[in-house]
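Coming up is one lone chain in structure tokens, specifically the form predicted alone.
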Amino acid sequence: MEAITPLFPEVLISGAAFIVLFVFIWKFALPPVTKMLDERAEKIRESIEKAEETRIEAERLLEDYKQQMAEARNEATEVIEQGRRVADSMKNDIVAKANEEAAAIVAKAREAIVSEKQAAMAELQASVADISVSVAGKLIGEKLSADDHAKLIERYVAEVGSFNDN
């Protein structure tokens, strides 16, 4: 059992070597390792902060985009509705003009019919008066003078005109 128990000088030399090595590592190796770990932790913290800022900015941009899209949809709807209103207004104007023109054409046609009717009636009255005078002259058996002829035509036109008025 002697081999398992270390000797005191070996323990002392091993302890001294451990203390020297511990001090050396503590003084020279530990500060750079600690500094490297701190820098790495700082970089990770900065990366997380930047990622959070980027996420917040992305959310803000997404909200802006959604708002712009909603505004664009509203504007498009408004433009379409305005186009419909303009088209309806133009349609109504065109229909109103067409109705006015049709009414004017109908009125002119009626006026033309009335004037043609009056002209035809006047021509017919003149023809009937001439024929009536001619027939009356043959029936009477004598020729009428120009004055008698004019008086007879005026009386006949007056009688025929009074029938038209009814």
Partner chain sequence: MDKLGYEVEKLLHHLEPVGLDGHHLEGTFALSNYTFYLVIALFLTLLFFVFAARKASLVPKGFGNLAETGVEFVRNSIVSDVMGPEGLKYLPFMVTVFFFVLFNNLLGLVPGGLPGTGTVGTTFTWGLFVFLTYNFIGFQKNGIAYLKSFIPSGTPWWLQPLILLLEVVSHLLRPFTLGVRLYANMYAGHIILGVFVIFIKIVFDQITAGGLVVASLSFVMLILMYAFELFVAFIQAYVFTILTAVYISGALHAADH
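For the two forms, the rigid core is made up of the largest set of C-alpha atoms that agree within 1.5 Å on superposition. Numbering follows the first chain given and starts at 1. Given the structure is predicted, the values throughout are model-derived calculations rather than measurements.
Not pictured, yet referred to below: the form predicted in complex with its partner chain.
> Any of the heavy atoms of D38 lying within 4.5 Å of its partner chain in the model of the complex?
It does: once its partner chain is placed as it appears in the model of the complex, D38 has a heavy atom within 4.5 Å of it.
> So in the model of the complex, does A103 come within 4.5 Å of its partner chain, heavy atom to heavy atom?
Because no heavy atom of A103 falls inside 4.5 Å of its partner chain in the model of the complex, the answer is no.
> Is T34 close enough to touch its partner chain in the model of the complex, meaning at least one heavy atom pair within 4.5 Å?
Output for T34 is yes: heavy atoms within 4.5 Å of its partner chain.
> I'd like to check something about A107: if you look in the model of the complex, is any of its heavy atoms closer than or equal to 4.5 Å to a heavy atom of its partner chain?
Looking in the model of the complex, residue contacts with its partner chain do not include A107, since no heavy atom lies within 4.5 Å.
> Hey, of 114 to 122, 54 to 62, 38 to 46, 93 to 101, which bit sits against its partner chain in the model of the complex at 4.5 Å between non-hydrogen atoms?
Comparing against its partner chain in the model of the complex, the contact stretch is 38 to 46.
> Once you line up the core, how about R60: does its CA shift reach 2 Å between the shown form and the other one?
After core superposition, the C-alpha of R60 moves less than 2 Å between the shown form and the other one.
> Taking the rigid core as the superposition reference, indicate whether the CA of K27 shifts 2 angstroms or more between the shown form and the other one.
K27: C-alpha displaced by 2 Å or more between the shown form and the other one.
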